[in-house]
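Quick setup: one chain, the form predicted alone, written in structure tokens, and binding and motion questions come after.
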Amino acid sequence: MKRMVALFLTLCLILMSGVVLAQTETPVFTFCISHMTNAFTVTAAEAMTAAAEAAGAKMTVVEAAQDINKQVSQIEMAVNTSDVIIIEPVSTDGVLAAVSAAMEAGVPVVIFNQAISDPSRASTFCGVSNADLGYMQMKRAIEDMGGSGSVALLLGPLGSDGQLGRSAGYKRAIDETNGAVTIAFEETANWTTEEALVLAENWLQTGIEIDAFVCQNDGMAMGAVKATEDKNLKIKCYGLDATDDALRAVKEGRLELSVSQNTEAQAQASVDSAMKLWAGEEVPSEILAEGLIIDASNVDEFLK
């Protein structure tokens, strides 16, 4: 009888120990981000880390410096160290094999902000419709031009979802003008202010008419702003990301507007999804945040 009681107590202790372990186990996430060279990606990494900390998870951030081979290697390494991998892809196609390999190894994958070309490869996508963001940005630029004119486009890295989606949105808005709006120049500045400044300066020196610079992120928009200011030209510039520098420029009347893609909401949705996947729960295949135009009429609400 005493032996049975002792065995029973031992089993209880083992079960209780298991419960304690389960309750205190900390999920480990890796955030593979394409680069960390502008305000958007820095904000995204900070928001992701803060959301993970609040959820009781450990978050490691690794950046690929826009190198797809480096990002694939980082994903492969994360498979061995992470419960869930969150990826902001360098390209829409380049990460597909690595995403599939992670999923086959039993590690869920959350795609953040920039979609991959085959969303079914991952557990979920938490981001925005880049086509919708591009459309609303270009639509406003066209309205400000009075429905006709010539635009110069500063694009993100060619082949990235941000570039492809926003360009598709631009095309849709421009096509609606039935030829009244034309594209004077169109080239990638790889999300950077420096490359955008050089391109904008070169374009302005040609003497070809430009009525607006429409830029796929705020960093490039600020490069266009500087180029026009250096030449004392009054050409409207349009950004996207709602970074602090851009919002201050909107407040000062130097930048016409920026489109917010609600970075913090995307990061929160990604971490929430990762927590559910770690717990074995199902998540929607797609969770989208809504974009918002921030201009002189509402910028004070968003300035920090």
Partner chain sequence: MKKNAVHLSSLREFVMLIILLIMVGILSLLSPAFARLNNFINIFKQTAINGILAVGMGCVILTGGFDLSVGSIVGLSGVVAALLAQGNTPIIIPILSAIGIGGVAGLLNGTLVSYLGIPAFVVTLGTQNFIRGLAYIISGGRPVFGVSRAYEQIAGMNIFGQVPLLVVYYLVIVAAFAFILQKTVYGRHIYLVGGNAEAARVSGINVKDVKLSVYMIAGLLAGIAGMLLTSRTVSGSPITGSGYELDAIAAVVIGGFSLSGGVGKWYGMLIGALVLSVLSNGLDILGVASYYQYLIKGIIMVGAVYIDVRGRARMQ
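Model, not experiment: these values are computed from the prediction. Numbering follows the first chain given and starts at 1.
FYI, the form predicted in complex with its partner chain isn't displayed, but the following is about it.
In the predicted bound form, its partner chain sits beyond 4.5 Å of every heavy atom of A101. Proximity of M275 to its partner chain in the predicted bound form falls outside the 4.5 Å heavy atom cutoff. In the predicted bound form, its partner chain sits beyond 4.5 Å of every heavy atom of K139.
In the predicted bound form, its partner chain lies farther than 4.5 Å from every heavy atom of E76. Among A105, A97, L158, A180, the residue placing a heavy atom within 4.5 Å of its partner chain in the predicted bound form is L158. In summary, the region of this chain contacting its partner chain in the predicted bound form, judged by heavy atoms within 4.5 Å and restricted to 49-57, 266-274, 32-40, 233-241, corresponds to 32-40. Taking its partner chain as positioned in the predicted bound form, the residues of 203-229 that bring a heavy atom within 4.5 Å of it are, in sequence order, W203, Q205, T206, K226.
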